[in-house]
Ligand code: IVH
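The data below hold one chain only, encoded as C-alpha cells and taken in the form predicted alone.
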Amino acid sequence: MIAEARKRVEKLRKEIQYHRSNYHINDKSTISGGVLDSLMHELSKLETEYPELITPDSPTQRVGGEVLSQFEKITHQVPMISLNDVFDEEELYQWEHRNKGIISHNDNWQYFVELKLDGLAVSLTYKNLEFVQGLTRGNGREGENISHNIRTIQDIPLDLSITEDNIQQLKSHNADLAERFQSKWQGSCEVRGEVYMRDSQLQKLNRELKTNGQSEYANTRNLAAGSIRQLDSSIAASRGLSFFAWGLITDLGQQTQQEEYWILKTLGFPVVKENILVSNIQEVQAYYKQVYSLREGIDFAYDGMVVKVNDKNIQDQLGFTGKGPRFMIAYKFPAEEVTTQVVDIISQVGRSGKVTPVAIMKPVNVYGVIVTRATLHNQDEIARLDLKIGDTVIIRRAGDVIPEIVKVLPELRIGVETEYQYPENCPECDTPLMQQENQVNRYCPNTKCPARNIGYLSYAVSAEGFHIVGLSEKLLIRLQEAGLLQHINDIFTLTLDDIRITAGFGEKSAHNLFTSIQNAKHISFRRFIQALGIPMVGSQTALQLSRTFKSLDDLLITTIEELQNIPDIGDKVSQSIIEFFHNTHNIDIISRLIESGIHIEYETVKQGKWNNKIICITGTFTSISRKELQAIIEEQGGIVGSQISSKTDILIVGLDAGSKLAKAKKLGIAIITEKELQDNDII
C-alpha cells in the first residue's frame, strides 16, 4: 500500500506544481480552482496518513508562487504564509477540536469571520504617513516590488492621516482600544490585503473589447493578478483595480482580530463590510451558509471564508504548523469542479433495456452534493474520455445539473488502472445484447428482464408518476420475487396482507403503504401519461399531451401529424408515441390499469401570462429552485422546453448561463433574468 501511495504522491506533486506555476506565476488557469483544491486536499490527506512521504519541496509545505525575474525581489519582514483549507462542516469542527487540544484551559473561542477574496495578496508599507512600498506575496519569503502599480489603485491611500473624527470612530467601538492605538501610532505600519477586480468592472472591460473585436477576459482573478504585475503602470491604471485590507502586521494596540479590522478602517483602508465576529464554531457554520447564498448580490468574487480565532493572545499560543497558522483556516465553498477517483465501472440496465456504463467513484462533494456515481452514457463516451478504472477524473456539477465526468487526468496514472470491458450479454438476465445499426447504445431485448421491469416500475411509482410513498425499489424486487408483481397494474391489486407478509412490515407501516396505493388511483392526466414510460416522453412532453388531448381515448387514436403540430414535440418523439400506442401489450396494460380502479383527472388549463409559451431555463438560481420556477411557469400556462429552438419564446437565465444564452441571443429570443422575475413579483 505504501508503494502505491508513494507513486500517487509523486504524481500529485508534479501535477499540482504544473498548475500552480501557471496560476501563481503566469496568471492563467489551466484547471479550475476547485480542481486544484481537490488535488491539494488529496495530497495533504495522503501525507497525513503517510508522514514519511512528506518532503520539504512538497506543495503542501510551500506558499505557492515564485518571484518573476523582471521585478525587484524584496524579503518580507514577516512571511506571507498560505492557509490550510477545510471543505465541510466536519473538517471545520475537527480544526477547532485540534486547537482545543493545544489550549484546553481556554473557554473564549470567538471567531472573526472574513470573506475569502479571490484576488492577489499584497503587502503595503507606510513610513511617516506615506506609502513607500508594495509587494506581492511571491513565494511567501520574498515578493515582487509592484509599488508603481499599487499607486494606480484608487482604493489604496497613499497618505495616512489620523483625525479627531477617526479617533472618535475608534472610541465608539472600544474606548480602551483608542487609547492603546494612540500610544502605539507613530505614522508607520505594514498592511496586507487583496488586490481584486469587481465583476462589474470586468463586464465593462469585456464590452469594450467586444466592441473593438478583441478577445474577452475569462475571470477577474487572473486579470487582476496580470494587471498588477505589469512593468508599465499605465496598463494597471487602465484596468480599474480595487483593494480590500484584511491584515495589520504592525502592533498598533490591537488585542483581537476584530480590533485589527476597526483599526484598518480607521486608517482609511477599505474593508469588507460582511466580515463579522461570531461567538462559537456553530455560528461560523451558520454564517457560512448565509454568505454562500449572498454571492449573486456582491460585486466581487469570493470562494469561501477565512475563520480566525479572535483573541490575539490565543493566536500566539496556537502558533504555526506546516505551511500555515493553526489559528486561522480557509473554509472553502463547494466547487463546481472537483477531482475524485473511479474505483469501478458497472453496467446498469434501464427500463427501456438500454445498458449504460456507470462510474463508481470515491465520494466527493460537488457543489454541495455528495456524489458517488456518474453515468458514462455509452462505450463511445468512455473512449472519448480515454477513461480507465482507477483513473483520477474531474467531476462537474452546477445548480441542478446532473454530475458528469468532464475530463480524465492521465498524468496521475500509476500503472494499476484497467480497461472497462463492455458486456456482450445483459448483466441481469444474460440475454445477448443488441445494437442497432448506426447506434452507439446497446439494449437488452428481453421484455421480461427483471432489471428492465424494476426500472420501469420504480419510474412509474415515483413522484412524477403515480407517487406511491413507501414503495421502494427494494420492496418492488421483493414483490416481484414473490410472484405478486409483474406489471404496473398488479400494484393496485395488492392486499394489505400481501404487503405485510412480503415486506415484513408492521401493521402501521403496511397500512400506510396500502393507503398510499389506494390514493394513487386518483391521478392527473399528465402524471398518468408520464407513468406509462413512453420512450422519449418526459415531464414536459407529458404536460403538452395532457393539455392537447381532452381524454385518454383521444390520445390513443392520435396521428403522427397531430403530434408533430404540438409545439416542442419533434418527429422522433412523435414516432415514439405512435409506436407505443400501436403496441398491443401496452394497450393491454393501460386497459388493466383502468380496470384496477385508476381514475384519471383531467385538469382545465389555467389562463396565465405565459399561456402556451415555450420557456427554457438555464443557469443557477439563488432565490428559487429550478423545480419551483418550473411549477410557477406551468401554473401560468407556460411549457418548459429542454432545448433552445426557433419555437422557444422566452429564456430565463440565472448565474453561469452557458450555450443556451448565446443561442437565444442569436435567435432573437426574449431573455429574462432572475432579478427581473423578482422585480415583477413573479418569484
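Everything quoted here is computed from the prediction, not taken from an experiment. Heads up: residue numbers just count along the shown sequence, starting at 1.
Same protein, other form: the form predicted in complex with the named molecule, not shown, and the subject of what follows.
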The named molecule isn't shown here, but in the predicted complex, which of 577-585, 384-392, 306-314, 206-214 has heavy atoms within 4.5 Å of it?
-> 306-314
Which of 528, 443, 287, 246 has a heavy atom within 4.5 Å of the named molecule in the predicted complex?
-> 246
Could you spot which one of 189, 374, 121, 590 gets a heavy atom to within 4.5 Å of the named molecule in the predicted complex?
-> 121
If you check in the predicted complex, is residue 114 within 4.5 Å of the named molecule, heavy atoms only?
-> yes
With the partner left out of view, is residue 328 within 4.5 angstroms of the named molecule in the predicted complex by any non-hydrogen atom?
-> yes
Is there a non-hydrogen atom of residue 552 within 4.5 angstroms of a non-hydrogen atom of the named molecule in the predicted complex?
-> no
Heavy atom of residue 218 within 4.5 Å of the named molecule in the predicted complex | no
Hey, which residues along 134-155 are within 4.5 angstroms of the named molecule in the predicted complex, non-hydrogen atoms only?
-> 137
